[in-house]
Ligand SMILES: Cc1cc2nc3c(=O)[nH]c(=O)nc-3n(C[C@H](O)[C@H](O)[C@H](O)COP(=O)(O)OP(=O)(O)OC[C@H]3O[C@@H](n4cnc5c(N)ncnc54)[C@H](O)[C@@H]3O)c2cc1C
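Given next, in structure tokens, is a single chain: the form predicted on its own.
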């Protein structure tokens, strides 16, 4: 099989890349490969499948007609096992070989399994694919008790969903003694933790899983302080890693925590691109390349990759020759995560975990009885990060204020008091050129 464009992965990065390719090339052969045996969907919807909030039939991002109308060959239920960049050939798990002219890798991330004795031999679940969600729902039909390992986004979402199904849930932390430690500071984490406790989720952050043993179809979980918990359903949500195991050393594609890419999402191999959770790309705040693994970045990176693959190469080259950056190139990652739990709304944007000891100015408002928290992080006159729980801040507007480096000179105190109204007004004024922006 031969194709001009080959995209591995069918979520937001892959779909957006395909659409951008079709903007510039309506007829070039385009093939998309998905390891999942279903239509494309957003992985962010999986916790709601477990909770039962949404019907699986309603969550797909595209239908079969979309691929036919856009002349895209969509191969589902096919896993890539090797990529040979010298011959520009991909091999699938059924032995099929696909020759490509240009390749984009948008394979996302896979769960990591901690080195807990007995865990790999035990019966456990993860939540990263539609099939994972189906298996959890099937197990939950007969289960009465669940242990969820990990207090990150996956673990917290899963604990809430299983609890709402009527299971008794025990949530056990990973390496760090905190709730959502990669996104929220201590104040926010304590508020979220208390809401879970109030809703019947057992969650003692002092202990970790020490050992797991399978006994009569159940899992016997030994905690670090010696307590033994027997459970019907064990779910591991302790972290993820970039899904790039099909790239051997011979591929020539440089990798670190993810696939290293430039601002046009190009890898170290001339005709190979990467985007989405698997891509280690520019950091908005510095010169390092980072993994952001958030939906807005997957969309933006996919769009840039598609343009770079099918767009006018002379225009892109011209910008590079003068030392400039094409307007459509990737502008650097700003973390932005939202977490809705038991009717509460929270988010963390940008440098949300820094402190005054790091040289930043921090403005906070905390109302524990109302489960409300606001944290604004300033670097001089510029907003660089924020956390909000049940506040009127708009994370999208906040992200744009950070990205466009809106100058808040003389306005920080007013902004902290009324951030929603003022942020919208400030952004409107900046777009009209009424106030200064940095650089």
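All of these numbers come straight from a predicted model, not from anything done at the bench. Positions refer to the first chain, counted from 1.
If you look for the form predicted together with the ligand, you will not find it shown, but the lines that follow are about it.
Of the candidate stretches 198 to 206, 342 to 350, 356 to 364, 269 to 277, only 269 to 277 has residues with heavy atoms within 4.5 Å of the ligand in the predicted bound form.
Under a 4.5 angstroms non-hydrogen atom cutoff, the ligand in the predicted bound form has residue 106 among its neighbouring residues. Not displayed here, the ligand is kept clear of residue 102 by more than 4.5 Å at the level of heavy atoms in the predicted bound form. The closest heavy atom approach of residue 282 to the ligand in the predicted bound form falls outside 4.5 Å. Proximity of residue 29 to the ligand in the predicted bound form: non-hydrogen atoms within 4.5 Å are absent; the residue sits far from the partner.
Screening 223, 167, 255, 293 for any heavy atom within 4.5 Å of the ligand in the predicted bound form leaves a single hit, 293. For the options 59, 35, 372, 393, the one in contact with the ligand in the predicted bound form, meaning a heavy atom within 4.5 Å, is 35. For the partner-free chain shown, 127, 128, 153, 154 of 115 to 154 come within 4.5 angstroms of the ligand in the predicted bound form, judged by any non-hydrogen atom.
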